[in-house]
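Below, in structure tokens: the form predicted on its own, a single chain.
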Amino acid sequence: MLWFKKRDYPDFWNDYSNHFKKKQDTNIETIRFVVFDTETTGLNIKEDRILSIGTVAISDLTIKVSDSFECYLSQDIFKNDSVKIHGILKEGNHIKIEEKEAIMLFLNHIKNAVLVAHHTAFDMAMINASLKRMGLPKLKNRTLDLGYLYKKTDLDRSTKNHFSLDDLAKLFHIPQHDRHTASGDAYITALLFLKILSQLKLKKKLTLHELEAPISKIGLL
């Protein structure tokens, strides 16, 4: 007879996992959403690394600036070509922390919130790659993708399959302050998310399930 020992995970992962044992809120009006973004050394999930993580929470369909998180990670991998996009230097003035500490702080912040991002699958994949390097499972949170939500509105009458964050910001007349910083992009995404939700709510009462993209519709880029 085989006996399987339950794997021991660190306390911070167990604390994170325990949030999912409680019944989760699925009411769009009261859910805690966490809008997040990662700046990375590139787009290769296996080879590239996270440079910074930025978040801002939404509760009661209101952006809660006080409920936000930002960190910069020490760079084991440095790609000079990507600096012109994100502006994060290998040394620079930002206080940088190790990957493990950054992920611990991120998990403590998000808890069981519904995660929202633009091209969610890429940001999730980068976080999950970090978790894998730490010997941990993937994120447990439900997710929403901004691009998919926009395609569900009556505002999209084009045949385009891809809308950049810049495209959407211009369409909704949102100033692009701090563009290409994780916290700046998270805030722009949060503003867009609320505007898109308001458009979708004009059509019918929304459910969380209806807002989630089918697996076949989720792309990395």
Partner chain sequence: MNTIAERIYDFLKEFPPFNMLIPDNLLSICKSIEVHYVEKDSFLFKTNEPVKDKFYVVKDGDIGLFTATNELIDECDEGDIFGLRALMRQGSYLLSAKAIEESIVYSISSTLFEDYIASNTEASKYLMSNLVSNYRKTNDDLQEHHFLGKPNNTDSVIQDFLEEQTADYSKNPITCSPESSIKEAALLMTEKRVGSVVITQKNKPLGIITDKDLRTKIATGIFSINESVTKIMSSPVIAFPKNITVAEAQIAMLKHRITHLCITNDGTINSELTGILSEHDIIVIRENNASVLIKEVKRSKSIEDLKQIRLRAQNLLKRYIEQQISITFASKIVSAINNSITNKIIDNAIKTMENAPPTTFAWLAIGSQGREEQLLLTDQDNALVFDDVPKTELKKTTDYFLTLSKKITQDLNTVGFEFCPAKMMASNPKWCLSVTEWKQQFKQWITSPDQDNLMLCTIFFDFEPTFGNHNLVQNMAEGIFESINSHQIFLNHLGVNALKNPPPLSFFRQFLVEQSGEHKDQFDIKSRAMMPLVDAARLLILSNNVKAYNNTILRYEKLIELEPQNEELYNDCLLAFKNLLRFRTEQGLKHQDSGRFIDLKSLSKANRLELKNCFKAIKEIQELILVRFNLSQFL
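Positions refer to the first chain, counted from 1. Being a predicted model, the structure only gives us computed values, none of them experimental.
Heads up, the form predicted together with its partner chain isn't pictured, but that's what we're talking about next.
Undergrad: Tell me which of 58-66, 23-31, 162-170, 40-48 has residues with heavy atoms within 4.5 angstroms of its partner chain in the predicted complex?
TA: Every other range fails; the passing one is 58-66.
Undergrad: Could you tell me if L191 has a non-hydrogen atom within 4.5 Å of its partner chain in the predicted complex?
TA: It does: once its partner chain is placed as it appears in the predicted complex, L191 has a heavy atom within 4.5 Å of it.
Undergrad: Look up in the predicted complex whether S198 has a non-hydrogen atom within 4.5 angstroms of its partner chain, and give yes or no.
TA: The answer is yes: S198 has a heavy atom within 4.5 Å of its partner chain.
Undergrad: For T181, is any heavy atom within 4.5 Å of its partner chain in the predicted complex, or not?
TA: Flag for T181 set to yes.
Undergrad: Would you check, heavy atoms only and a 4.5 Å threshold, whether F106 touches its partner chain in the predicted complex?
TA: Close contact is absent here: in the predicted complex, F106 is far from its partner chain, nothing within 4.5 Å, heavy atoms only.
Undergrad: Taking its partner chain in the predicted complex, would W13, F36 and K138 all count as contacting it (heavy atom within 4.5 Å)?
TA: Verified in the predicted complex; spot residues all out of contact, no.
Undergrad: Counting any non-hydrogen atom inside 4.5 Å, which residue from R142, K111, K151, H94 sits next to its partner chain in the predicted complex?
TA: For this set of options, the contacting one is H94.
Undergrad: Can you tell me which residues in 13-30 come within 4.5 angstroms of its partner chain in the predicted complex, by heavy atoms?
TA: Stretch hits: zero.
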